[in-house]
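Shown here is one chain on its own, the form predicted on its own, set out as structure tokens.
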Amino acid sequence: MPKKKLHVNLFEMNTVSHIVHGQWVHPTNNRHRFNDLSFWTEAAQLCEHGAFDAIFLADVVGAYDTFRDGPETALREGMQIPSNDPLLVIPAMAQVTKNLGFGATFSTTYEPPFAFARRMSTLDHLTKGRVGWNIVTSYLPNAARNFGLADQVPHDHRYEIADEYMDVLYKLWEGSWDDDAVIQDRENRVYTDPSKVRYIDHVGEHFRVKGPHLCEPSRQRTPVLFQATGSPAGMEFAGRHAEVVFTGGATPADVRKNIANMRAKTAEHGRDPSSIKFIVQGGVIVGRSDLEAAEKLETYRRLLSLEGRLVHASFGIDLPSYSRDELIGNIIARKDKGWDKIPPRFHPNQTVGEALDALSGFDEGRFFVVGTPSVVADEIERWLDEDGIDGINLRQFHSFDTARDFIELVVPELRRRGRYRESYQDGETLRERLTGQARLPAEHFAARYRDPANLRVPAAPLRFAPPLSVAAAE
């Protein structure tokens, strides 16, 4: 039986500091160049040289302003602010590459689906089918206020909105135009056969969209559908829609359980449970020797920003303002501001100093490895075989050294073991690379709209239990 090969995306964001808090200050890091188009074209060319699946772009549409009740710390730290639109750098990267894919994050909560459908179809055309979409519902309170709301839409209700959002998109992408609608008949001066394009006439609880879709069919029609989830509502949604799920877990057993639960949910929605792919966030620090790898780790540890981490976690209490000797239990007993937001992993007998030391550690959990290429490859093989994952979003500690090290040191070792592609298949779409399918399969929820008669048949919406107290970043 052939060995499972690793899928790799470079985990990116159009910002100075994504998820490696404080590393932008490294003297040779290129993060400050994120406003320059050359930063993105260089990154794309490097990733294509390494035969990565894609560059995966995270995004938020609000500032992290929970910690210390404002955005000041986030601004000082460059913690995902300033940040730019992820979709706008994709055409430039596509222009300088031939095979590399691109995944972009976009929220279903605040912008209407019709305009987004056009934007993604345009990208699918420009990239010749190399784009995917990370579906999120937005979790930052500031994002809601940026779009005219007093507060966040409740978690599970965001997924109900998202489900109808997807319904609209599928009607536009899969049903509004027939595959052969564009005929380009110069002799009779007919570009598109009007009988093969139709209104979608969607009237739902949250959206009214007439159509037709403004774009002719692109190669993938619907972009590859990514989703990160952990809540019951998110898993229900992913069971209906997602093709690639970002997952995790503290132990191999945890990861396997999460994967099994997601596959079961996929089967409940009439889909092939083996068709879904699972990606984790992978931290890889590799050196030509143990000493070189250890020195890189020590540098990154020294530059790590505790305050950046607290901002990103939307910490509700300002622990650094307390004496390191203060007991967590005393803060709780006094009911100081934010006492109820102290994570349960910090027990009352712990000091503030001990809690802060735990937060500022560099333990990245199960999917983190430091060492020589053989050590890293051994660990990646365990992730593939013991945990059952399919790939990683490669976390960047340094741009572009993290990707370059992986490409120069890890990829050759994985190739020797039959764990990494030797080359791209020229002309394949991102979906073909990830799933082997040219289009969404027939059992997928979206496929019903390939029959025009189904456009006006209301789909049964996903419904969830009353809102749960789940602090899920989805």
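Each residue number is its position in the shown sequence, starting from 1. Keep in mind that this is a model prediction, so the values were computed, not measured.
A second form of this protein, the form predicted together with a further copy of the same chain, is not displayed here; the remarks below concern that form.
A.B. asks: Out of the stretches listed (285-293, 236-244, 389-397, 200-208), which one is close to a further copy of the same chain in the model of the complex, meaning heavy atoms within 4.5 Å?
C.D. replies: Looking at the other structure, the answer is 200-208.
A.B. asks: Should the three residues 91, 106 and 177 be counted as contacting a further copy of the same chain in the model of the complex, with contact defined as a heavy atom within 4.5 Å for each?
C.D. replies: Yes: each residue has a heavy atom within 4.5 Å of the partner.
A.B. asks: I need to confirm a contact call. Of 111, 272, 325, 268, which residue comes within 4.5 Å of a further copy of the same chain in the model of the complex, counting heavy atoms only?
C.D. replies: Here the answer is residue option 111.
A.B. asks: Which of these residues, 249, 212, 230, 320, gets a heavy atom within 4.5 Å of a further copy of the same chain in the model of the complex?
C.D. replies: Here the answer is residue option 212.
A.B. asks: So, in the model of the complex, is residue 26 in contact with a further copy of the same chain at a 4.5 angstroms heavy atom limit?
C.D. replies: Yes, contact at 4.5 Å.
A.B. asks: State yes or no: in the model of the complex, is some non-hydrogen atom of residue 316 no more than 4.5 angstroms from a non-hydrogen atom of a further copy of the same chain?
C.D. replies: Judged by the heavy-atom cut-off of 4.5 Å, residue 316 is well away from a further copy of the same chain in the model of the complex.
A.B. asks: Taking the shortest heavy atom distance, is residue 71 within 4.5 Å of a further copy of the same chain in the model of the complex?
C.D. replies: Looking in the model of the complex, residue contacts with a further copy of the same chain include residue 71, since a heavy atom lies within 4.5 Å.
A.B. asks: Heavy atoms within 4.5 Å of a further copy of the same chain in the model of the complex: does residue 413 have any?
C.D. replies: Flag for residue 413 set to no.
A.B. asks: Within 4.5 Å of a further copy of the same chain in the model of the complex, which residues of 56-89 have a heavy atom? Give them in sequence order, or say none.
C.D. replies: Stretch hits, in order: 59, 60, 61, 62, 63, 65, 70, 71, 72, 75, 76, 77, 78, 81, 82, 83, 84, 85, 86, 87, 88, 89.
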